[in-house]
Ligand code: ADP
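Only one chain is shown below, in structure tokens, and it's the form predicted alone.
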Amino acid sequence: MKNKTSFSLSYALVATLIFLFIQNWLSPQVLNVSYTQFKKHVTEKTINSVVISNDRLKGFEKIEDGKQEPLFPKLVYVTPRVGDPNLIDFFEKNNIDIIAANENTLLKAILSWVVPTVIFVGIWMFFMKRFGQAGGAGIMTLGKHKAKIIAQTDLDITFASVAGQDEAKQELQEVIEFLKTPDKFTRLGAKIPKGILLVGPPGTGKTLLAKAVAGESGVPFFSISGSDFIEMFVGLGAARVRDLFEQAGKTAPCIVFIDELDALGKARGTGMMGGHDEREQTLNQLLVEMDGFEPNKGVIILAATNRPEILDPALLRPGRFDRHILVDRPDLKERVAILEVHARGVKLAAEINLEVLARRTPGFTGADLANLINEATLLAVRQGKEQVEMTDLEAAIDRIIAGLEKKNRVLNEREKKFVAYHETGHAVVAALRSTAEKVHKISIVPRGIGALGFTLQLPTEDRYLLSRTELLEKIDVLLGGRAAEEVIFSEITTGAQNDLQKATEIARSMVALYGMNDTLGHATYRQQASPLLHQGLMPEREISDQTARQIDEEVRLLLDERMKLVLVTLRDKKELLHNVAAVLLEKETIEAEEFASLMAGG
């Protein structure tokens, strides 16, 4: 394989310096003298040859006898030519070689103007070509779209490659049928939606679904990110939108997929530069192009975003992105299917049950599950195992949820005791609350950034609604760590900062959002989503100062009330706190079965 020589500015600089040095070394020294001095040098035999041109005389120095004549003269005397009728006789009298210069004005013009211009243009074109190769587009292609065009023969992704998301696939099946058999729809006058918006959290498979639609329908696939349209030069984004839709119209039927639409389609009027910045012009052009497409031309616009609330309303009206498909986090059944897909090429131990693993990963997206299998495989390889075992998968779950284990972060004995009782407080309160999630693991091994320990709870099933009692008991579990510190040490630490933040968020949502407060009643006081809110240009709440103070007061009263209940619970179970904390200090990690046994004995 040949090595490609890459261009470097340092090479050009060195070459220029060498060229200048050689030119300076080879070029003769030019002395401008008067006509009288020039004749004196001739008389003194300093000059032995003269070049006569229309406007000047050039005399070359004489070489001493016995020395070899140099290839390039070292000294040249130059003087203006004057109207002297005896000049030729004077040179002949002094035995001077006379040379007549060939005055070619055309050649002189070419050498002085055309050649430097050609060299400059050549250098400019070279650099533009290099910049084009490095940046993906040259100076002449700035207005061209940057979409990756994938032919149908290169798309090997189908719905079989996408585990779960059955509802989303069923919605998209209609698009596939239209691209394959458009007559079936046009026969009755039906119009397929121009734009389909895939909405969902990051990592749920929106891009994969779009590619699967193209793979199933067997049409070309244009893939581009919303940020690829935006440039610092005004008008380039709009030009790229026009070029993309023009190419898509020529390639129809096809699918145009715009990933991260929120980078392009953010609500207008929210930018710092008013309504004339480049992003808004690009969005306006996109709206115009979508309106200009014929509904049955065979061009389907797919887009994906995880922030639909900030999109411009004009994008979401009928005739544009009027069909919204939710690509949500997978449920238990879908997680099992996703794990099966990603575990196909991995050597798993016989005792591994993917359904058990799926139950232990609620809230994981498809990308999280793929990362889980890969992390477990890497851990098995690192330990020299022949296959991936359940312990590797458990360690991978802990690593994803709690962070990387910090073996070098050594706590002193006092800090270690505080952390042990803190985590034990969480676990004991969770075990004593009827609606709290089951404790799966307790650990005082430092992980991630600032986490000195963790208590892992896993739900027994997927949940979509939470009752008032469940929210209150979630607050109890979060306050359990701080309460345990107070019960055992009569002292509190900074370790509860994250717990208090989460508890406060739940309490504030109950008071101001969910209408779960007797004083404020069944009302919500949270401002509706606004584009200005996401830009930081408007305060978060539009309520009176009195109501805001009342909300703050009710949140504090709620947290104080739950803290008192948790303190009562842990004081009653103080002996149990000591027992569990002692085992935790000894082993550093307690699994679910051992914790259940300790609770039964307490």
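From 1 onward, residues are counted along the sequence shown. These numbers come from a predicted model, not from an experiment.
Here the subject shifts to the form predicted together with adenosine-5'-diphosphate (ADP), a form of this protein not shown in this document.
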{"query": "94, 186, 493, 207 - the one with a heavy atom within 4.5 Å of adenosine-5'-diphosphate (ADP) in the predicted complex", "finding": "207"}
{"query": "Candidate from 213, 303, 427, 338 lying within 4.5 Å of adenosine-5'-diphosphate (ADP) in the predicted complex - any heavy atom", "finding": "338"}
{"query": "Contact label in the predicted complex: residue 475 to adenosine-5'-diphosphate (ADP), heavy atom within 4.5 Å", "finding": "no"}
{"query": "Residue 349 within 4.5 Å of adenosine-5'-diphosphate (ADP) in the predicted complex, heavy atoms", "finding": "no"}
{"query": "Contact flag, residue 370 vs adenosine-5'-diphosphate (ADP) in the predicted complex, heavy atom cut 4.5 Å", "finding": "yes"}
{"query": "Contact of residue 521 with adenosine-5'-diphosphate (ADP) in the predicted complex (heavy atom, 4.5 Å)", "finding": "no"}
{"query": "Residue stretch of 478 to 486, 307 to 315, 434 to 442, 156 to 164 approaching adenosine-5'-diphosphate (ADP) in the predicted complex, non-hydrogen atom distance within 4.5 Å", "finding": "156 to 164"}
{"query": "Within 33 to 57, the residues that have a heavy atom no more than 4.5 Å from adenosine-5'-diphosphate (ADP) in the predicted complex", "finding": "none"}
